[in-house]
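Next up: a single chain in structure tokens, the form predicted on its own.
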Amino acid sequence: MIDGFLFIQIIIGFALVVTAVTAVRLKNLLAAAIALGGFSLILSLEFYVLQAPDVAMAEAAVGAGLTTALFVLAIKRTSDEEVEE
């Protein structure tokens, strides 16, 4: 029978794979950036479960928070139209 820790590891691993595949397959860049933020948030949960709370906090702050915000700002400032020179 599967114990609790292994079950949590399997669920988190499955969620990581699902969010990674979702981020790669999305056509909308903004949705892909949000999916990558979700991936980073789940990864920080994995670090916490593995008893590395300092790494989990850094991953949540930088990976899920700052990087996602920078991606969203960069995508919002660009246009989807090509400029002819």
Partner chain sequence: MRSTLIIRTVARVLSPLVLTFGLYIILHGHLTPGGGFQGGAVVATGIALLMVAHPPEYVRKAFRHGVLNVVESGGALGFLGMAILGLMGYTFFRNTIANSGFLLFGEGTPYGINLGTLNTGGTLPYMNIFVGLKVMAGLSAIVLLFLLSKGGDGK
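Residue numbers count along the first chain shown, from 1. Keep in mind the model is a prediction, meaning the values are calculated, not measured.
Keep in mind that the form predicted in complex with the partner chain is not shown, yet the notes after this line are about it.
In the predicted bound form, does Leu66 have a heavy atom within 4.5 Å of the partner chain? Leu66 belongs to the contact set for the partner chain.
Whether Arg25 contacts the partner chain in the predicted bound form should be assessed with a 4.5 Å heavy atom distance threshold; does it? No, no contact at 4.5 Å.
Contact of Ile11 with the partner chain in the predicted bound form (heavy atom, 4.5 Å): Looking in the predicted bound form, residue contacts with the partner chain do not include Ile11, since no heavy atom lies within 4.5 Å.
Does any heavy atom of Val17 come within 4.5 Å of a heavy atom of the partner chain in the predicted bound form? Because no heavy atom of Val17 falls inside 4.5 Å of the partner chain in the predicted bound form, the answer is no.
All of Leu30, Pro53 and Leu70 within 4.5 Å of the partner chain in the predicted bound form, heavy atom check: Yes, each of Leu30, Pro53 and Leu70 comes within 4.5 Å of the partner chain in the predicted bound form.
Does any residue in 32 to 64 get within 4.5 Å of the partner chain in the predicted bound form, counting heavy atoms only, and if so which ones? In sequence order, Pro53, Asp54, Met57, Ala58, Ala61, Val62 come within 4.5 Å of the partner.
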